[in-house]
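Next up is one chain by itself, shown in structure tokens, the form predicted alone.
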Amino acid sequence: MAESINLKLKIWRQRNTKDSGHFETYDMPGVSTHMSFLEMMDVLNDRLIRDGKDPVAFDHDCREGICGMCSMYINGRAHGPLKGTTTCQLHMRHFSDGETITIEPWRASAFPVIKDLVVNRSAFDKIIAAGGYISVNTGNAPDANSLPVEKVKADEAFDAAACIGCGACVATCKNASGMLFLSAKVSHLALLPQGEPERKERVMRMIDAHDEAGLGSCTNTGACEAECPKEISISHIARLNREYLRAGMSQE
């Protein structure tokens, strides 16, 4: 494997939400194949700053595949070409010498561009604020076995809780639906006894918040699951629908 490759980056530049935006192309010679994708972006920005130019704005935080901040569309794929991988976990060895890499922000009306590759994902915050929590009496830490949970349900809840809220599901869905994110949060709490007291109200409030944020309806194509870096299953969307029907019937 070559130690370094020469690349051309075609990056979306947009000064603010109101700006129409455009692509700019940058030559990147001698990129180490050992770099992560974000390290490569750091090298580009360092060069732009030294040249007195505006660096490319992009979100990042943990750089460990946990926080979901590193959201980019890379060559037409959310988080790039690898399955089950966030942008920060993507390395330059997966690209070819002489390749042109197109980098864009998430494309969804509910995620307006703030600048360049940074989008406003507060729509997800509103969904969580509507019901992504439990209300419990505080005090001494309870014994770990005081609320037994079936192994199957515990595993399913854990898989749902793996969602990092990056928004790849919204960016990938042709309807810009956030149903995979929403269903993961609802499913996580619906499967656990701690989430039972607010189970019915939670799903109603969170779906209302989803729709009010301007996120679309599920397409049932499975694109969200295919592009999710944590490989959240669309079976959680089926559970979300059951939870919603159950809550609706109880109100009649």
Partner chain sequence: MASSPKLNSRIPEGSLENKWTHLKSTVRLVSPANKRRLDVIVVGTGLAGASAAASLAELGYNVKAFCFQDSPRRAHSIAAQGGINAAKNYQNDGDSTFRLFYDTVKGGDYRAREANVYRLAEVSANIIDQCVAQGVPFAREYGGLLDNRSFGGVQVSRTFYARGQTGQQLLLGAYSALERQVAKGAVKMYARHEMVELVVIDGKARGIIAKNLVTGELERHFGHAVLLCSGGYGNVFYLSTNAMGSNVTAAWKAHKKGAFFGNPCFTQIHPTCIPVSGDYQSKLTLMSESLRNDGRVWVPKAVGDKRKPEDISEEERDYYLERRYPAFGNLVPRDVASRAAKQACDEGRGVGPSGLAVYLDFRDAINRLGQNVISARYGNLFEMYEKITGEDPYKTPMRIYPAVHYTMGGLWVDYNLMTTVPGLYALGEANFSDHGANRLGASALMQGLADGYFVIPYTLGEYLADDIRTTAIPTTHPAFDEAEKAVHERTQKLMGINGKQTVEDLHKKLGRIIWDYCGMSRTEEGLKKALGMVLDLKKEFWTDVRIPGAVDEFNPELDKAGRVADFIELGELMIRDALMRNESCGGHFREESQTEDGEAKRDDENFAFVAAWEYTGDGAEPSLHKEELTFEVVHPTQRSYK
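Numbering follows the first chain given and starts at 1. On a predicted model such as this, the values are computed, not experimentally measured, just so you know.
This protein has a second form, the form predicted together with the partner chain, left out of what is shown; the following refers to that one.
Student: Classify F124 as contacting or not contacting the partner chain in the predicted bound form by the rule of any non-hydrogen atom within 4.5 angstroms, answering yes or no.
Tutor: So F124 counts as contacting the partner chain.
Student: Consider E99 of the chain shown here, and say whether it contacts the partner chain in the predicted bound form, taking contact as heavy atoms within 4.5 Å.
Tutor: Contact with the partner chain, no.
Student: Any chance R15 has a heavy atom within 4.5 Å of the partner chain in the predicted bound form?
Tutor: Contact check for R15: yes, within 4.5 Å of the partner chain in the predicted bound form.
Student: Considering non-hydrogen atoms and a 4.5 Å limit, does the partner chain approach C218 in the predicted bound form?
Tutor: It does not: once the partner chain is placed as it appears in the predicted bound form, C218 has no heavy atom within 4.5 Å of it.
Student: Have a look at A223, M41, A209, L192 for me and say which one sits with a heavy atom within 4.5 Å of the partner chain in the predicted bound form.
Tutor: Going through each option in turn, the one that passes is L192.
Student: Let me know which residues along 66 to 91 have a heavy atom within 4.5 Å of the partner chain in the predicted bound form, or say none if there are none.
Tutor: I66, C67, G68, M69, G84, T85, Q89, H91, in sequence order.
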